Ligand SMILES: Nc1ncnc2c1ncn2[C@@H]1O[C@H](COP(=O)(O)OP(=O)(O)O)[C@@H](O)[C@H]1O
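Only one chain comes next, encoded as structure tokens, the form predicted alone.
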Amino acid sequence: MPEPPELAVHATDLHKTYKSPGGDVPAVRGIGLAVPPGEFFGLLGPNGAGKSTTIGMLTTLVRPTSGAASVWGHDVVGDSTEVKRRIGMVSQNNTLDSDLDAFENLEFRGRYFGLGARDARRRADELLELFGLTDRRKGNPFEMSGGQAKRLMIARALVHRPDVLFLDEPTAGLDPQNRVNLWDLLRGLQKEGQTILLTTHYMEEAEVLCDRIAVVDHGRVLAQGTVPELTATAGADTVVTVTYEGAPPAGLRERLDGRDGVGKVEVTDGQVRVFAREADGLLGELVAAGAGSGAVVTDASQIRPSLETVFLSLTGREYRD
């Protein structure tokens, strides 16, 4: 087997712009990634951030508008056939073959990738056991629970022992029990040397699974690194939130903007949210400001630096469809 390359996944200045009657729609705007073999790497971002489009380009499903990307040293455009041989891909939606049972879905995938009949059957049985699906061997994939179907999709992606496993929102729609069980399976795969790249909008999932994380929004990487690196360098301020009954005290934003250690102040109807490097005494100051102006405080919280505060600092809090 050839020596692994320095990077399992490498992307440089990737762009993707879609054409529409209303004009160009940029989905990815210059993403760069460097994932070494054996790493569990996460793309974390809100809906519409460009995560799935990025995965699509890395797996040859979407042609980049510009930039370059390679998987295991093979260009995703110029050598797409070899890239497809080396990757496994699990999409958000159930793409299993409804005309085949669970075993046949795995067996046929093995034959498609060149395994002989005996080896394909052996590999299918091996994966059914690994993913706890032996009792559903003859089951229709579309009559399985969401967790069972997702496990079968991951098993199918692993039939040919890919160098890189891509997972696009792997636990979306799963209940907490299935989500945690799937996390255990994925951690086990990585311990055996599997390189994994996943997209997610669940901060807990990224924090639990990933060696490194890239926070993505509006088609750009806003920050990337380990969780400690992100909380130390990516605007991971303490978040102090105070909710008032009625409007916040007048002039509060101006006072906070001039306070040492305050990075950002968000004032909405009845609420003030402050991102601060130096938060000592800030919560008490906001409560006191309300008391001094007659604004009744109905809720108050202080969140210390975490991946969640990094995410909120970088991407904001507006609703995403």
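The model shown is predicted, which means the values in this text are computed figures rather than measured ones. From 1 onward, residues are counted along the sequence shown.
Only in words, not in the display: the form predicted in complex with the ligand, which the text now covers.
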Requested in this report: Heavy atom within 4.5 Å of the ligand in the predicted bound form: which of 274, 31, 69, 49 fits that? Just give me the one.
Outcome: 49
**Report entry** Complete contact of 181, 183 and 208 with the ligand in the predicted bound form (any heavy atom, 4.5 Å)
**Finding:** no
Query raised in the report: Contact between residue 27 and the ligand in the predicted bound form at 4.5 Å, heavy atoms?
Result: yes
Query raised in the report: If you check in the predicted bound form, is residue 53 within 4.5 Å of the ligand, heavy atoms only?
Result: yes
Query raised in the report: What stretch, of 279 to 287, 40 to 48, 266 to 274, 292 to 300, brings heavy atoms to within 4.5 Å of the ligand in the predicted bound form?
Result: 40 to 48
